[in-house]
Each structure stands twice: as structure tokens, then as C-alpha cells.
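Just the one chain here, the form predicted on its own, laid out as C-alpha cells.
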């Protein structure tokens, strides 16, 4: 452990050892240059023992949810990455900040805007950085889409289509209390993000419609599929759809002088892109490693994260507006936030 500190790497503790932490974040931390896996927080003694052996984590860096606050006394751990069900994000971000740790919170940031406000304030009060796990901001194809759209390489964008879905889900994501909703909170947030970072703007209004359920016995408390439209200040409309019963993964923008597209757009690997002129040719990267390395660098150099808590709050505000539009069948206006993309 001391060896890593001598190499000037920051220690990260993962809070919640589910599929994303075990399948993506922990492996990515073997490739990071600025940080390393220093500790874990889990309620499972079985998982704790398995991770301890696999990643050579000392007993002193293994915590459960009851003794989590004592992480404040551990100099090995600089950053806490919260990878818990959505409804638990607020509690553990606030506790991590109070324990004097910088925080990465998985998306969506929280269930409500007010939760986001509390999280942002807790980190501000503690003087700690807060970042949201928006890995695609560090992926070259999606970065190119940001450039093409925001720099108006093909002129003003006229329309956007963003779809994301998968066949099936399980566990806490089927529980509205823990998830805050269905596929919109899980995979639909990528479409919201894509429309915002492609245009460099925030939507001013939304319309939404829940699609008929084909498996009501599974999706009892959450939507199975939803489609929605986001209207931007210049009249541009992004048409979006997300689902737990359909494979979808596309971002397409039509502009005045051409088009550009990612398909698949939001995967961990294998993202492909093309424009009216050519095929995008960017290398495969480990998105999670780049994301965590950037945050570690931000902490070290005391600079802002490009994906801060304010961005997370903005997106939660949009998600909640989409749900209100779905429930009422009416167009819902969205007040502009103080946070700016540019």
C-alpha cells in the first residue's frame, strides 16, 4: 500500500461491490495511472474476503456500512466512489464528504433535485471535490460528437435522435424505491446527457409518453419503456427512447450541412461513429480508467471536474421533468440552471 503512495497515486475506496464495481471499476483501477484501488465498503463478508484476496486489500482498508464513517482516519483513502442503488447515493456522498474524502458518485446523481443540493452543499462545506460517473465524457467518439455539435462543424443541428435500451434487468433496478424509476433513470440518462453535450445546451421543455408494458408482471412499479422529446432554446428537438425490453444504442444528429452518428453510442467498448463525410477512427479506451484518472488529477491539482455535481443535478432535474410530463401527458417547462456546459 505504501508503495502506491510513494508513486503519488491517490487511493480510491469503492462503496458497493455490485456488477459495475466488480466488472468495470475494479478492473479499470488496474490500468489507472493516477489512482489505485485502496479500499472497499460492503455489507457482505463473503465479498469482502473475495476482494481482499483478489486485489490484495489490507484488512484495515475494508469497511462495512456501519463503520464506514471511520474511513476518515485512513490516510490510504483519498477518494470514495459511491456505486450503490440510486436512493442511497445521497447518504453516502454526504457521509464520505463529512469523513474528509473527495467523492465520485455514480449516475444518476440522486432521486431528486433537493437530494443533489444536499450532496453538493456537503462537499462544498467539507472543501471536497464531487464528480459524477459520466464516463463517456472521456471517450473519444463521444468527445468528437461534442466537438462536431458544439462547434457547428456541419452548421446548426436541426434534430437529434438518442435511443438506449437493453433486454432485461434485475435486482434493485426493478424497485422504484431504490431506483427512483425505470430505464429512464438507468439507461435513459445517457440520452439526456447525449442531447445536452451534443448541442452544448440545456432543454427548456419536455414531452413524454410511457409505452405499453409487455411484461407488467416484471415491471410492476416502474416504466418498461418510455419515449420523450426535449425542446432546446433554439427550437431544436431531441427525440429519445429508452427501454428494458428492447436493444437500443444510437445517437444521430442532423445538421444544416450533413449528419453524424454513433452506433453503438453508449457501450463500455466497441463504440463506432461516422459522419456524412467519413467513418470516425478513434482508438478503444478504458473509459472508467480515464474518468477516475481525470478526477484524481483534478484532486491533486485542485481544479474542477469536467463532470461536477452541478451537472448531475441538472440531469436529475431533466429526468424528473420527463416523469412529470409522462404522468400528466402535458408539456413540462424546465427552468434553466445556473450551471453552464460551456
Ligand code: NDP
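Positions refer to the first chain, counted from 1. Remember, predicted model here, so these are calculated numbers, not experimental data.
The next section is about a form of this same protein that is not shown, the form predicted together with the named molecule.
For the three marked residues, 16, 135 and 178, a heavy atom of each sits within 4.5 Å of the named molecule in the predicted complex. When contacts are judged by a 4.5 Å heavy atom cut-off, residue 219 does not count as touching the named molecule in the predicted complex. Proximity of residue 108 to the named molecule in the predicted complex: non-hydrogen atoms within 4.5 Å are present. Within 4.5 Å of some heavy atom of the named molecule in the predicted complex lies at least one heavy atom of residue 86. Under a 4.5 angstroms non-hydrogen atom cutoff, the named molecule in the predicted complex has residue 268 among its neighbouring residues.
Out of the listed residues 223, 139, 186, 78, 186 is the one that sits within 4.5 Å of the named molecule in the predicted complex by at least one heavy atom. For the options 58, 27, 43, 304, the one in contact with the named molecule in the predicted complex, meaning a heavy atom within 4.5 Å, is 43. Remark: of stretches 87-95, 70-78, 225-233, 150-158, the one touching the named molecule in the predicted complex is 87-95 (heavy atom within 4.5 Å).
Along 159-193, residues 172, 173, 178, 186, 190 each place a heavy atom within 4.5 Å of the named molecule in the predicted complex.
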